[in-house]
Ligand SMILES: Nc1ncnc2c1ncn2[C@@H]1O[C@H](COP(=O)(O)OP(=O)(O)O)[C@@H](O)[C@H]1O
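Given as structure tokens, the chain that follows is alone and in the form predicted on its own.
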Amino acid sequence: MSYVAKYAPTTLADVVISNNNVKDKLAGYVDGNLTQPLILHGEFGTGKTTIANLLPHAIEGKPALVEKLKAVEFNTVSDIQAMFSAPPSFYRLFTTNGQKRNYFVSNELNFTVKAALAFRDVVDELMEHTQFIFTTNNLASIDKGLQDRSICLNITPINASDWIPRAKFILKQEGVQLKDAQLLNFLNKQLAVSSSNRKLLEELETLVWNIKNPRTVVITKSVKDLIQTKSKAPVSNPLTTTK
């Protein structure tokens, strides 16, 4: 199993977040002090979808029933009406499964102008008992009226130092140990190339494999610098060694 799947966060507490404002706002939702629609925006791979999927469970303190919305459902006013015409009276007054709130999560909403106006009305009607959570890589693409009704949080790339505890946990599970300075060096180099958490996990998986298999691969200088060997003798590489 790849590290992206194996070490995907399973609770909101597992998500590495560097921005204190984001942490405070998410805590406000979990505590019930914030209930406005939430728009998570930022670069690819920074954890927006992960946060959106895990926040309802954190609010409930247990697995929550979540309705996933697809952008294709909101191209017309009819799409909006079809999605919300049946249960609006229910959602205005009740919640499902004994939950504190009902939950709708959607990635990359794209509305026509009329559909956006219709959706604003839906949000206004259902807001008391319903939590809307949206994610986007481009905040400008989200209807201005919806933005005005929402809390917009920019999920910024993770700082290398904030990634260290999670990375150390993963390395421990894999039976590998690196000094904090070595690990910080690795994280800084990877995050300088890409801010994506997915890419970082992929590179961390490669690093662990290389450390565990130093005699079967061509070892780059950056990886070799991180390898801790018990012997003072240099590591022999059968792919480059000549007789």
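Because the structure is a prediction, the values reported are computed rather than measured. Each residue number is its position in the shown sequence, starting from 1.
This next part talks about the form predicted in complex with this ligand, which is not shown.
Which of 56-64, 172-180, 37-45, 185-193 lines the interface with this ligand in the predicted bound form (heavy atom within 4.5 Å): Only one stretch passes the 4.5 Å heavy-atom test: 37-45.
Listed residue that, although this ligand is not shown, lies within 4.5 Å of it in the predicted bound form (heavy atoms), from Trp163, Phe104, Phe84, Phe119: Looking at Trp163, Phe104, Phe84, Phe119 one by one, just Trp163 meets the 4.5 Å heavy-atom criterion.
Asn210: touches this ligand in the predicted bound form, heavy atom cutoff 4.5 angstroms: Flag for Asn210 set to no.
Contact flag, Leu26 vs this ligand in the predicted bound form, heavy atom cut 4.5 Å: Answer no; every heavy atom of Leu26 is more than 4.5 Å from this ligand in the predicted bound form.
Heavy atom of Val15 within 4.5 Å of this ligand in the predicted bound form: Judged by the heavy-atom cut-off of 4.5 Å, Val15 is in contact with this ligand in the predicted bound form.
Contact test in the predicted bound form: Thr206 vs this ligand, heavy atoms, 4.5 Å: Answer no; every heavy atom of Thr206 is more than 4.5 Å from this ligand in the predicted bound form.
Contacts with this ligand in the predicted bound form, stretch 191-212 (heavy atom within 4.5 Å): Result: Asn197, Arg198, Leu201.
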